[in-house]
Every structure is written in C-alpha cells, then in structure tokens.
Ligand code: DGL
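Next up is one chain by itself, shown in structure tokens, the form predicted alone.
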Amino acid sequence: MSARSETESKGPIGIFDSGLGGLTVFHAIRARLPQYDYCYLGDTARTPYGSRSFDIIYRYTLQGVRALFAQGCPLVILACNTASAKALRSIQQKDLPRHFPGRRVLGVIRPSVELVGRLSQSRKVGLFATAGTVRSESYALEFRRLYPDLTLHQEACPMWVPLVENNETGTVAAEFLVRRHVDALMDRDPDIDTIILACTHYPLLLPLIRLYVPGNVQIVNQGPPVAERLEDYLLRHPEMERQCLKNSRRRFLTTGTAEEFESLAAAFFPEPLNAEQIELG
C-alpha cells in the first residue's frame, strides 16, 4: 500500500448521539485522548429517541452510523443510552459483518456496568435513566451477565431531559423532580451504594442529585468510564488504532440547524464550536 492510500484510509473517531447530551461523553473522551481527530453527529432534528419504538431507534441510529462511516470514521461510539440499548447489538451482529466488516461500533452501557461492578461494596446499585432505557432492560441484562451477584434498582426520570434541554436545571421544578426520583430510588433499597447516571443529559443535574443522594453513595457519570474503555480498546486493537487520525481536530455535525446546535451546545460542551448541518436518510 502506498503512503498516499494509507493516509486516505484513515479517519476520525465518530461519536453519535440523538442530540446534544453525547457532548458530555465527547468532552470526557477528548480530555483523555486529545491526540485523535473526532467527528460528532447529533440527530437534533429527530431528538429525543427515548419514547420511540425499537425499529425507529434502530433505523435512526444506523443512519447516523452510516453517515459517520461516510465521513471516514473507522470506529463509532454511540454516546446515547437509548441507541446503545436498542440498536447497538443489531448493528454489531447484523449490519457490520454484512456491510462494514472493517468498521466497529461501541456503546456506553458496558463501560458503565463494568465500573459500577468494581465500585459497589453492598452489591446494591441504582440507576437513573429515561423510560426507554429502563424498559429495554439493557442494563439489567448486562449486570446479570457480568455481575450476577449484584442487585439493580432502576428509576425512570422522564422529565429530567426536558429540564436540561430547556435550561431549567436551576429552577424549583428541577429541585422537586430530582428530589422525588432520588427519594423513590433510595426508598426502594437504602443499601444502594452506587448510582449510574444512565443518560448523557444527567451530568448537568449532578449538583442537585448530589444534594439529595446520601453522602456515602457513589455517583457514576458515564463520560470517564467510556473514555477509559475507548483508550483500552485502542490499545488492544492496534489495527483499529492505526486507522484513527491524530491531528487533534474535531468536527460537529447536526441534522438540525447549525445555529441552534451551537447555541445549545454551550450547556454540554465547555468550548466554542462550529457546527455543520447534514441530512440523514
């Protein structure tokens, strides 16, 4: 292979989310692995995914993954719990072998479960998530597979995402809704010692969550474990790592308007950014 064709075969690491919340995961990944190029795609025109059917979520996620592959990404991270819960396995088992045998897609569920399994001493774990993620039972299945001795208590928080997206995290309504769900979870089992924030929007509510969660309870934000797992994956798969460009560049794509994406992204990503609008289909 010539030097020119080898360069052309490389591309950025792709990060897909149903909207803006995945920027919290992207920020953690970029902080840990700043040398790589990244291409973030947020399907903001069709967000949220949480209330949609399995078939629609799978179709939308596959469209997003295909778009990132078309941008040259050899590897895509689904920085979305709903997409990871309802589409990842189908894409990995059906679509990649058939259409993209050299590409890889990873999710956010397994890294979070692995970390919590190491952290919990009481073996009683809580989870805050969207209703769709809870209904999928993806976390419960992963815990049963990896840590069958651990008991998982799930709490669906359907209003937390709208609070974040409408910039209402500092309101009385936010305080009421966070406290209600924290109390409901802890009332289920006071021995819970670790909680997963299983939605990429929820880190923006972390100050409120910490206010009402008992001080001895550890709270797991998904960004750091996903970044750590990605670093480990690239170390264990040098053939994939060699396909990832390392110029510290970043691109932001959205299916909504670029102006709206740039305006709302400030709450999730601590750096100014320029977005480009694309269509999925």
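Predicted, not measured: the structure shown is a model, and the values here were computed from it. In this text, residue numbers run from 1 along the sequence as written.
One more form of this protein exists, namely the form predicted together with the ligand; it is left out here, but the text below deals with it.
A.B. asks: Quick one: is Ile77 in contact with the ligand in the predicted bound form, heavy atoms, 4.5 Å cut-off?
C.D. replies: No, Ile77 stays farther than 4.5 Å from the ligand in the predicted bound form.
A.B. asks: Test of understanding: in the predicted bound form, would Val105 fall inside 4.5 Å of the ligand by heavy atoms?
C.D. replies: No - in the predicted bound form, heavy atoms of Val105 and the ligand never come within 4.5 Å of each other.
A.B. asks: Quick one: does Gln63 come within 4.5 Å of the ligand in the predicted bound form, counting heavy atoms only?
C.D. replies: Gln63: no, not in contact with the ligand in the predicted bound form.
A.B. asks: May I ask you to check whether Pro48 falls inside a 4.5 Å heavy atom distance of the ligand in the predicted bound form?
C.D. replies: Result yes; Pro48 sits at the interface with the ligand in the predicted bound form.
A.B. asks: Among the candidate stretches 128-136, 145-153, 183-191, 110-118, which one is within 4.5 Å of the ligand in the predicted bound form when only heavy atoms are counted?
C.D. replies: This holds for exactly one stretch, 128-136.
A.B. asks: Would you kindly say which of Val161, Leu204, Leu177, Leu96 lies with a heavy atom within 4.5 Å of the ligand in the predicted bound form?
C.D. replies: For this set of options, the contacting one is Val161.
A.B. asks: Between Ala87, Ile195, Cys73, Cys199, only one gets a heavy atom within 4.5 angstroms of the ligand in the predicted bound form; which residue is that?
C.D. replies: It is Cys199 that has a heavy atom within 4.5 Å of the partner.
A.B. asks: Can you name the residues of 12-32 that have a non-hydrogen atom within 4.5 angstroms of the ligand in the predicted bound form?
C.D. replies: Asp17, Ser18 sit within 4.5 Å of the partner.
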